[in-house]
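Consider the single chain below, provided in structure tokens and representing the form predicted on its own.
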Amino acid sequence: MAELQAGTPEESAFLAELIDARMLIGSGVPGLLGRGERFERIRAAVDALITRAGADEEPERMAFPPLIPRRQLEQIGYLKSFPHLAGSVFSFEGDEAAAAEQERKASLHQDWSEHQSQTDLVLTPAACYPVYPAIAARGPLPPEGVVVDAGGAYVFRHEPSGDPARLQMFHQREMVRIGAPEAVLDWRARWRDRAVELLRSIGLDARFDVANDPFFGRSGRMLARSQRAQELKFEVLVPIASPQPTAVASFNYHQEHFAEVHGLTIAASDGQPASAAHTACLGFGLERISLALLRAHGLELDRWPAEVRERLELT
């Protein structure tokens, strides 16, 4: 079980303020929060702002549920790198006697997991994951590749916390670029700079930095160092409630990883054999950006700076 990360006094106070203002709705489980009407207005406005920012690329739009086949998670090696974050779906398949025993234990809040069996589904940990097999199924891509907007899907990370910006279930607005290495790297760099400009335009103190994923274990520390050394991951950071700025957007370059897993290829323009595609993704944490806006401008939307409201079309 993931270790609970207790919130700092500042994080706890901000969370209490948000719940008291009915921006967020507590569930009794750390990191699992409902959203009030005004919070959802902000989140939807941020989502729409990102859509407008990327409209010039005319991306192909896809939408997926917050579940993926378990086999996909196994194929990409997620359980090697992030076993502490994964969430699996289990279900009951027993007889009436087992059902009655399960209910008895559940009514006493005892462990009833022995009556559950693993299904073929897992909770989606990154909104880009369903995109790669869907595109690969089409066969070789044209030389220019493709840009996909996977929308603002719910994703799950098992890291319960008292920090309101570290949720177990949250919306990740994901864009994916699949193509030749130069095109993919150029796209990621342009979106990195665009994201900083976008967030600054709504009054957030945004900056980007080289980062690494939270890989698991001793080998994970080596992977993290390698990821940083090759600058495969960038994050955009803004202040929320933690002592240090919080990542609200990330930009990952996967090189050929997903091509090797799913068979993604790019057709050559000169009749040569197709080559392995490179991929990159960017993800905006919609709840985190919304929280950063509330932290920067206050909980009363009608008192936000006029230019921020206009930029977000909240007027």
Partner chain sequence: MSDATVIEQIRNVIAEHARLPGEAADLPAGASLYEAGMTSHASVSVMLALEDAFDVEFPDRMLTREVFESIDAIAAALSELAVGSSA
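Since we're looking at a predicted model, the values are computed, not measured. Numbering follows the first chain given and starts at 1.
Just so you know, the form predicted together with the partner chain exists too; it's not on screen, but the next bit is about it.
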Single option in Arg218, His109, Arg138, Arg71 placed near the partner chain in the predicted bound form, where near means a heavy atom within 4.5 Å: Arg218
Option from 91 to 99, 204 to 212, 229 to 237, 143 to 151 whose residues, in the predicted bound form, bring a heavy atom within 4.5 Å of the partner chain: 229 to 237
Although the partner chain is absent from this view, report whether Leu185 comes within 4.5 Å of it in the predicted bound form, heavy atoms only. no
Whether Gln168 contacts the partner chain in the predicted bound form should be assessed with a 4.5 Å heavy atom distance threshold; does it? no
Does Thr124 make contact with the partner chain in the predicted bound form, using a 4.5 Å heavy atom cut-off? no
Just to confirm, Ala180 within 4.5 Å of the partner chain in the predicted bound form by heavy atoms? no
What residues of 68 to 85, in sequence order, lie within 4.5 Å of the partner chain in the predicted bound form by heavy atom? Lys80, Ser81
